[in-house]
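Before any questions on binding or motion, here is one chain by itself as structure tokens, the form predicted on its own.
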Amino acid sequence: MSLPAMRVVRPRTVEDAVRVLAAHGPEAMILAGGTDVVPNLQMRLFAPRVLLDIKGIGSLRGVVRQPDETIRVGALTTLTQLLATESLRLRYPVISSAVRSIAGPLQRNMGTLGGNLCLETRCRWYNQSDFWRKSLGGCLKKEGTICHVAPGGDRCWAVWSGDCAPALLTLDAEIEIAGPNGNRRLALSSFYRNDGINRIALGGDELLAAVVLPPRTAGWRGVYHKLRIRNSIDYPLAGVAVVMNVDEQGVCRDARVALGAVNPAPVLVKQAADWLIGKKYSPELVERLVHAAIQTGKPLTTSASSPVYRREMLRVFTRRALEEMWGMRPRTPNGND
């Protein structure tokens, strides 16, 4: 599968990149690590006239601890670099738990944090070859008029397939977006639109510059559990991230629960903090949160796995993660399944 014809532009500064995006609008596409974009181009999911290769912008790389104790992670920081950064492993263990689950070592060496946060939504009818899609008549997301996941509706249900986003949602992370008028900061929870087509709040003349981690969630216990067909390479069929601040008496002082790969956007289980703060472990409390998680997740027939099985695995992963955070269950290897 060859790439479509296009012009490659390699800016050296964020300002230059933004100018190219502003000049070419929807005809331009950003390339970072390329682990998702290049296969999508080969399958003719996109045919941009300009490919903006931003790998040469040095200011978008690295992990820096700021004077206010926030940690700023450049969007071009590779997944391997995230795993190798001790401050992230110690202060935000849920990030390492999630990143370890992504693909394999070769893909993590190339893949970037920003790329993982801006992945395309996926489903079994969209992420196919050009020939396969045309034989089916396309879909709402590409050259068609119906969503094969929910044929009676007018909404695309392709799911969010990244692993970093649920973990970062539990940490109350923010992102920096660079545009023609400078940088703006946005809560990561406001970046995703729960729409399989219009998936992220990023303008055509903007790019994701960095992720900012707040000090208030530093040191919290955290784990990410992922369902996939194989133990490497595969995208998630379901993912659950849980972080918790537990004191010496076993009382939860704060907590977050987030889901991935079961909705068109990564989502927080909104009841988690209200129900868990001030409480000690109890099976009844855990089951209450488990029920909230499966009500929040909306797995449909977007993959080879059945919605019933994926919903059941949300139940299992949420229960397991909460028990791990309270020390009631040994941590699974790498925090993944």
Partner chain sequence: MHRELIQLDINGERRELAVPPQKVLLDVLREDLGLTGSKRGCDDSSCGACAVLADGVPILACVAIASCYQETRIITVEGLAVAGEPTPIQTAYGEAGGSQCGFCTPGFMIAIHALLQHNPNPSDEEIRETLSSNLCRCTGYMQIYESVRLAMRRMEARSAQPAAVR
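This one's a predicted model, so the numbers in the text were calculated from it and none came from an experiment. Residue numbers count along the first chain shown, from 1.
Although it is not shown, the form predicted together with the partner chain is what the next lines describe.
Using a 4.5 angstroms threshold between heavy atoms, P105 counts as touching the partner chain in the predicted complex. Using a 4.5 Å cutoff between non-hydrogen atoms, S305 does not count as a contact of the partner chain in the predicted complex. Heavy atoms of S135 never reach within 4.5 Å of the partner chain in the predicted complex, leaving it off the interface. The closest non-hydrogen atom of R12 lies within 4.5 Å of the partner chain in the predicted complex.
This chain is displayed without the partner chain, yet in the predicted complex the stretch 33 to 41 from 267 to 275, 289 to 297, 33 to 41, 59 to 67 comes within 4.5 Å of it by heavy atoms.
Taking M110, A150, L186, A201 one by one, only a single residue has any non-hydrogen atom within 4.5 Å of the partner chain in the predicted complex, and it is M110. Looking at 203 to 240, the residues that come within 4.5 Å of the partner chain in the predicted complex, counting any heavy atom, are R230, S232, I233.
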